[in-house]
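Only one chain is included here, represented as structure tokens and corresponding to the form predicted on its own.
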């Protein structure tokens, strides 16, 4: 099954010629740094609990440390009335404080601001500024798949036409900004599009199992409830950051019947379940997903008991990655508090996410439409070419 919507990326009405890239093959290579330090906790997971508006006090320091010092920065003059230089990290920080704005969309908005504030005099200079800003944002957390994919897709979308070569710079810059704002608006609306598609699969009297805190899954359930459908939800606890508790609280606010499960009770409760809904940190070329730790085992149990597993993910999470196994991806490390002292000789698994292969997934609800896992690679080619 593959439902298409005419909502995204390729603007086929512009009749613009697209320059052929040197290679149309998607990279299946390993990340540039296959052995990052595993003792450093991912910035994404350090701030995940506060993902709805609260930014930790050391967030900006982390971001600036990741980007590195600005060699061209001049010491501030307290008597100077000059406007401070534009910082893409500070702009990203500002957008990210909005409670309903995804991290990748905040990055897209910040990159649009780079164009708006740029003092470049040529297209080449502007593109160089954008690339530098994009690299700075991606370096904030190299383990964040959606952040990297969102920045890459933004760069591909706004520069995918050769028409800029034949315009004066001001006109070209205006078109860059127009495309940037259009991309940001499309990305921002993605969650609503997915909610309208996904809620059609929820029927009266069904029981839904969810894992982790996915805002797009929450939007689907809220939309279904607002349309008058009666259903109940089983939420896994989501250790160690207890994202399931937060998800259950949000559902209780809109009077959706919800039951909280400990993570190890998934198989025990699966016979009550009619369908499984999960979000995704990233959708990879194989059609599989990278998501919160525990998603893979839930999908295995669901497949064994013949329960459909639905994934809700925005298209800016489609990444040029092809993991072959659980260890074939950049690790995202998070702190785990067991509540009791752990002997130093005991090793603790601190990985924050796992990989679920496509054969255990039923459908993906995206702003591109409802996709089977087998067509994800085709969509990735269209997005990145």
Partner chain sequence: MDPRRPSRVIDPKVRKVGFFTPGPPPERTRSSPAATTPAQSPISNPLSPVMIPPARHASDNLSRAVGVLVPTASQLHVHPPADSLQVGSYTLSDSGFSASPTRSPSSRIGIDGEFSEDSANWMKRDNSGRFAAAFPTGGPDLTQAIEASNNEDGGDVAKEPSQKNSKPLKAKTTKAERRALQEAQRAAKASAQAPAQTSKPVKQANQKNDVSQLASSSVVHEKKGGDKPPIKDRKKEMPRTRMQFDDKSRVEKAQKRSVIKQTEARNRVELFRHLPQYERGNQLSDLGSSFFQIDDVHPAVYKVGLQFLAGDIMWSNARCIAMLQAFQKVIEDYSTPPEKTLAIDLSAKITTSVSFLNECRPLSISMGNANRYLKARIRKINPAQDESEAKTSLCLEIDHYIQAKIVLADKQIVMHAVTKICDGDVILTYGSSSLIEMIILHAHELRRQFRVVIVDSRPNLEGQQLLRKLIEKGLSCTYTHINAVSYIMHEATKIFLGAASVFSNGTVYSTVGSACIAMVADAYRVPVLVCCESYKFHERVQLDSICSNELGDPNVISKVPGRKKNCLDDWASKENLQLLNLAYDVTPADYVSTIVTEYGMIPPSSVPVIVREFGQELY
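Positions refer to the first chain, counted from 1. What you see is a predicted model; the values in this text were computed from it and never measured.
Below: the form predicted together with the partner chain, not depicted.
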### Message
Only one of 186, 301, 177, 89 gets a heavy atom within 4.5 Å of the partner chain in the predicted complex. Which one?
### Response
186
## Note on the structure
Within 4.5 Å of the partner chain in the predicted complex by heavy atoms, the stretch out of 220 to 228, 248 to 256, 197 to 205, 280 to 288 is 280 to 288
### Message
Whether 93, 98 and 140 jointly form a contact site for the partner chain in the predicted complex is the question; each needs a heavy atom within 4.5 Å.
### Response
no
### Task
Report whether the minimum heavy atom distance between residue 315 and the partner chain in the predicted complex is within 4.5 Å.
yes
### Query
So in the predicted complex, does residue 323 come within 4.5 Å of the partner chain, heavy atom to heavy atom?
yes
### Query
Wondering, does residue 368 line up within 4.5 Å of the partner chain in the predicted complex on heavy atoms?
yes
### Message
Using a 4.5 angstroms cut-off on non-hydrogen atoms, would residue 153 count as touching the partner chain in the predicted complex?
### Response
yes
